[in-house]
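What follows is a single chain, given as structure tokens, in the form predicted alone.
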């Protein structure tokens, strides 16, 4: 087995185990038996088809937000604003669906809505790439701050133009069933958004590793100056990479609004952008690995929620458990880099001797 792949598998498995162990220690402070709690977690996710399918429902938006981070990461850029791009996509999905649902057939309204989401959230993300290319701004800070702007826009619209007819809560009216994403398995909430997410992961992998554009993006990520000297327009790729990244995060909003919520509610899924970063790091930025990492986090979400309900454990423990796993996953990333650097040093020392 290749050393890098071996390090990736071992460090990630250790990170997950340590995250679960650390969460178990927190349960002891609450006088709860962690073994019993985890037994409930594992058995609950396979207790029936509806719950098991919910794992993939939860994994769907996580795949998109993880791809959003991983895509720019390949160009050595950091998109921390996937949460905001997710909100922009959700706003466009809700607004377009409400407008088109009484005008066009459902399937056509869904297709147009999807394209509007891709265009709108992509342009929102491209702004980060533009200021990076034009003014050499720090994309980390700009993308992070753009999340608060997106959140403010969503909150404003939900209290004005998009507010429900009854005007009681900051949410839209419910979408008609004609613009819901079709269900893949009757009797569950699993919709075709999951299939779309898996195909998108495969498509992004092909784009990054099998096309000239992907090669140029990765070349810029390795060394932007050297890539420019080779004739690659790095600034143009900054904008394009952030456009694609923003569009990916926006589609997560589309799948949540049209596939699960069937309306837009203020403040929903407030941690999906952060979870996407953890998943992307867990998968080492590999789009195919993101599929499995997202399903793992989906299982933790579903099983954790049921564990809290059946074991009397506060719901905050579930979020703490996910947080521990993400912290150790991020630490594993730095451990892999340390191992890789040591390996390269040993190779150089052997070559000198």
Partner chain sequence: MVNLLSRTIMMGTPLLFGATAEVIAERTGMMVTAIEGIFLLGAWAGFVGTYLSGSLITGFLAAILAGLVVAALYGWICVYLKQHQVVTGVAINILAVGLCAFLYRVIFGVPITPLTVSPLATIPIPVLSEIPFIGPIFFNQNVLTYIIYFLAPLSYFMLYKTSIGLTIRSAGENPEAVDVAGINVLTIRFLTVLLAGIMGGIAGAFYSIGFLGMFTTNIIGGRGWIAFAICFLGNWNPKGAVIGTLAFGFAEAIAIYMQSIGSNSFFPNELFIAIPYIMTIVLTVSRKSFNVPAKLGVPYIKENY
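Heads up, when I say rigid core I mean the largest set of C-alphas that superpose within 1.5 Å between the two forms. Positions refer to the first chain, counted from 1. Everything numeric here is computed off the predicted structure, so don't read it as measured data.
Another form exists, predicted together with the partner chain; not displayed. Remarks below refer to it.
- Heavy atoms within 4.5 Å of the partner chain in the model of the complex are found in exactly one of 161-169, 222-230, 138-146, 256-264, that being 138-146.
- Taking non-hydrogen atoms only, residue 30 approaches the partner chain to within 4.5 angstroms in the model of the complex.
- A residue is said to contact a partner when one of its heavy atoms sits within 4.5 Å of a partner heavy atom; residue 323 meets this definition for the partner chain in the model of the complex.
- In the model of the complex, the partner chain sits beyond 4.5 Å of every heavy atom of residue 49.
- Contact between residue 275 and the partner chain in the model of the complex is found at the 4.5 Å heavy atom cutoff.
- This chain lacks the partner; the member of 295, 317, 53, 40 within 4.5 angstroms of the partner chain in the model of the complex by a non-hydrogen atom is 317.
- At a distance of at most 4.5 angstroms from the partner chain in the model of the complex, all three residues 80, 127 and 281 contribute at least one non-hydrogen atom.
- In the core-superposed comparison between this form and the one not shown, residue 331 has its Cα shifted by at least 2 Å.
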